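Below, in structure tokens: the form predicted alone, a single chain.
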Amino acid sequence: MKVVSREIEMIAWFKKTDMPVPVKFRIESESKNSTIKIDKVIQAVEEKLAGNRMYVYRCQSIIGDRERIYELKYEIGTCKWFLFKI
């Protein structure tokens, strides 16, 4: 997987006591915007990087007629989502 670390727009499902569940996201590129539905969350863990708490999700989706595995990160302090690796 290649590190891209791009901020994305996310639709997620939030529970009262548990981690948020990502549903689908939109990523903007120079030519167009792409909306990707998250088919499966393979793994979800919490990590602390340089004092910042983050949730890391390893997900699977069909992107461009291929099944791809990628990583999403949710930064708890700023409430931002990132496409980290693809």
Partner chain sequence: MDRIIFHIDVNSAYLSWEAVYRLQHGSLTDLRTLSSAIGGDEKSRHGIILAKSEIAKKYGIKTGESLREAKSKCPEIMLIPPNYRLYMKCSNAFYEILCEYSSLVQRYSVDECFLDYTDSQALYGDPLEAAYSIKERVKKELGFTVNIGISSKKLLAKMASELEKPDKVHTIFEHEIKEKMWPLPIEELFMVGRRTAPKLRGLGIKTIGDLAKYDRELIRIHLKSFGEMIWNYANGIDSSTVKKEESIQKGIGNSTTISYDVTDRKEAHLVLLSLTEMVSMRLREADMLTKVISVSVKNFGFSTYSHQRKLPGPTDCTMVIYENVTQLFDQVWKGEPIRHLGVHLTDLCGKEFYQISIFDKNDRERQMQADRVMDALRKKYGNDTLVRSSFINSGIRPIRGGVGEDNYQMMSSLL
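Residue numbers count along the first chain shown, from 1. It should be emphasised that the depicted structure is a prediction, and the values quoted were computed from it without experimental measurement.
Separately, the form predicted in complex with the partner chain exists; it is not shown, and the next lines address it.
message = I have Val3, Asn52 and Lys73 flagged as a candidate spot, so tell me whether each of them has a non-hydrogen atom within 4.5 Å of the partner chain in the predicted bound form.
response = Spot residues vs the partner chain: full contact, yes.
query = in the predicted bound form, does Glu28 have a heavy atom within 4.5 Å of the partner chain?
reply = Contact with the partner chain, no.
ask   = Wondering, does Asp39 line up within 4.5 Å of the partner chain in the predicted bound form on heavy atoms?
value = So Asp39 does not count as contacting the partner chain.
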